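Below sits a lone chain in structure tokens, taken as the form predicted on its own.
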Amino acid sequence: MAAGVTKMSRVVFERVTKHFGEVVAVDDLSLEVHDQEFLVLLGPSGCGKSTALRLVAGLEEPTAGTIVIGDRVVNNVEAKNRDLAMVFQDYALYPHMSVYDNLAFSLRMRRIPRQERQQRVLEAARILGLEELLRRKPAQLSGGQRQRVALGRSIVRQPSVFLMDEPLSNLDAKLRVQTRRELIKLHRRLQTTFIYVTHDQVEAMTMGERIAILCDGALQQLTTPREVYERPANLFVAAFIGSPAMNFFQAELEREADRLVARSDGVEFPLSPAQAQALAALPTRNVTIGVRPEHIGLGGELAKAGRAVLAVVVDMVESLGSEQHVTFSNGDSSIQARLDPSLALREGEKVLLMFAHEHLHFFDPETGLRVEDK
């Protein structure tokens, strides 16, 4: 790329749909990946995220809609001419070639001059810490090293967009954390657009500048990791994001004198004026209330005015060292809380749980959409 010339590397889906027979893999998807952004496509298996990535790569053709890379519509552009590099879950390295030759192979196929080819390979090796491994074969490398070679093979191409499909899935937990950090640093160094596919919400929350959450091929929410966590757009996002998952209560709205309250199986949820105003506009008297495990505490001294309290039984205690995940039973339903590890709880013990109204999430049970209270 000539000095002073900047590649425009935004990616736009304009009402993109992809059918495989009668199966709708991507459903009327519209979103824009900004130039030099790290965007994560997140969702469960079968949600359409990998298909969306393959549509950008040119490995699949859209049934309907338009895909734009930079300022160019690429629907009819071959994959090799889209100025992209893709990293798969399977490293797909050539086993008979050295690391150096694996890195240089695509450049050789494109007839890049030898001196420039060597320069690109050595630069990629330096960025990824592969200098000492260039003469080794893939069988002599660890899983993390092989993944870095796969990344290096993409870097040498100097693409305008990097596409990554579950690239860390084959690594153990420690290597996933390490490689995750390397990818974040790599993005900052290269200042290139990254589109990253994963089903792992920890990867999505820690790596993405924004997250696009998909379900059944449709976009559910597109925003920052913090916004996704603190203000999920609907019940699917609320349930999918967070570990342990958000707790849900089916409640009924009742008016008492000049105030609105929500009641559910023996617990009364006090509502702030903003929450009451938003819920009063619902066409139904029913509401789904969500509360995250870390926003649940034990009652007793904390059970003061403005707090919802529920009597429960300790069902299971899971100690994680820095915290404990506790499952409580309330009749036929279960509630999960993240509590301080210093709290001594025994299975079968009866306790009071407290829910603070400022951390409650409200959803329309008919549409599943968030009820905005601010």
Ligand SMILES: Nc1ncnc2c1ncn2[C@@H]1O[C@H](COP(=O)(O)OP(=O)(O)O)[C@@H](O)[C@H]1O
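We number the residues from 1 along the sequence you see. Values in this document were obtained by computation on a predicted structure and should not be read as measured data.
Form predicted together with the named molecule: not shown, discussed below.
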Worksheet entry | Contact of Ser322 with the named molecule in the model of the complex (heavy atom, 4.5 Å) | no
Practice prompt. Check whether Gly65 has any heavy atom within 4.5 Å of a heavy atom of the named molecule in the model of the complex, and answer yes or no.
Written response: no
Practice prompt. Spell out, yes or no, whether the shortest heavy atom distance between Gly58 and the named molecule in the model of the complex is within 4.5 Å.
Written response: no
Worksheet item: Just to confirm, Gly70 within 4.5 Å of the named molecule in the model of the complex by heavy atoms?
Response: no
Fill in: in the model of the complex, segment of 310-318, 37-45, 326-334, 339-347 with a heavy atom within 4.5 Å of the named molecule
37-45
Discussion item. If the cut-off is 4.5 angstroms on heavy atoms, which of these, Leu360, Leu353, Val16, Ala25, is the one near the named molecule in the model of the complex?
Written reply: Ala25
